[in-house]
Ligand code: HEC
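Have a look below at one chain only, the form predicted on its own, in structure tokens format.
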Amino acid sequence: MQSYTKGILLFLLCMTLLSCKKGDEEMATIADNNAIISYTVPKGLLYPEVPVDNLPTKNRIELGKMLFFDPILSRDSSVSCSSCHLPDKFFADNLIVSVGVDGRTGTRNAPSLINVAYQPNMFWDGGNPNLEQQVLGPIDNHDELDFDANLIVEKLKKHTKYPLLFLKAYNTEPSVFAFTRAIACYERSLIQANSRYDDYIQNGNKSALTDSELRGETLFFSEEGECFHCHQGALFTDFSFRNNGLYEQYADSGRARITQNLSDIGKFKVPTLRNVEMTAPYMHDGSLNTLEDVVNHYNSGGVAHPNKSPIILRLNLSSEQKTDLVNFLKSLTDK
């Protein structure tokens, strides 16, 4: 009997030690996942600016990713951020305009979120100053998620998993402050610059581009092609707002909606050209279906509008030049 009792006590002691060890390991894992990390940035891109109150950790990025793909953010739990920014489409949408709650459609084409960490302001009209505030835009939009941020918080608090995940990531219960930051933290991790053009420029691989693509590159960066004035730098955009002569009358006032200046009517943010091959249709309203259509538009010089950028002029490119330009743009697709 005494031997049996000693066996029980020894068993209980072992279980206690194992439990303590497991608890220590779990605490160590939580601590590791809460450690500030750095985003992975490829050669050719600078490290993005990150708010000091939302530095990346593994827990924050994973929470943001879970929220990004969760339709819990929409009024009827039918639409998520990823419904309009699809990973297999380079976080864009190949529809002219995306479909939101109750099948509603908006008025603007969903841009890619790849490298959105570098954007100085959000949306086609620059109406939001940062990613954290941008999160609230689609939620509040009647044609998109059509929900109230405070009601989202109530749903998150009642969820079986989210309360603990918020505690781990931000040391707080679910809140508007925390869930907007988590999604922004995840979106900043979507950094890419691994195209054949990058291989050519960064690695010196002279065989990465075809002869046609090389001719297109020369044209792109020349006064004859005029593309580089707006699409410059490693991200192929200067982030400015331009009227490119798309319409004589704009149904969407663009930047003017924010500034209330008549001189900003028809001006929209110059988009990045990275992965442009994969993010059709084009323009703020998705009105141009192909890269060939885009090149033809700029080759024509656009239509007359008092706010049209003075650099948008008839180019008179040959068929071969237009083909070369399109081929060069396709070399900007990430592998």
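Computed from a prediction, not measured in an experiment: that's the story for all the values here. In this text, residue numbers run from 1 along the sequence as written.
This next part talks about the form predicted together with heme C (HEC), which is not shown.
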Ala182, heavy atom within 4.5 angstroms of heme C (HEC) in the predicted bound form: no
Arg188: touches heme C (HEC) in the predicted bound form, heavy atom cutoff 4.5 angstroms: no
Heavy atom of Ser309 within 4.5 Å of heme C (HEC) in the predicted bound form: yes
Non-hydrogen atom contact Lys89 with heme C (HEC) in the predicted bound form at 4.5 angstroms: no
Output flag, Val99, His231 and Asn244 jointly within 4.5 Å of heme C (HEC) in the predicted bound form, heavy atom basis: yes
Candidate stretches 157-165, 73-81, 170-178, 196-204, one within 4.5 Å of heme C (HEC) in the predicted bound form by heavy atom: 73-81
Sole residue of Asn94, Ser212, Asn121, Thr259 within 4.5 Å of heme C (HEC) in the predicted bound form, by heavy atom: Asn121
Residues from 290-328 in contact with heme C (HEC) (non-hydrogen atom within 4.5 Å) in the predicted bound form: Leu291, Val294, Tyr298, Ser309, Ile311, Ile312, Leu315, Leu325
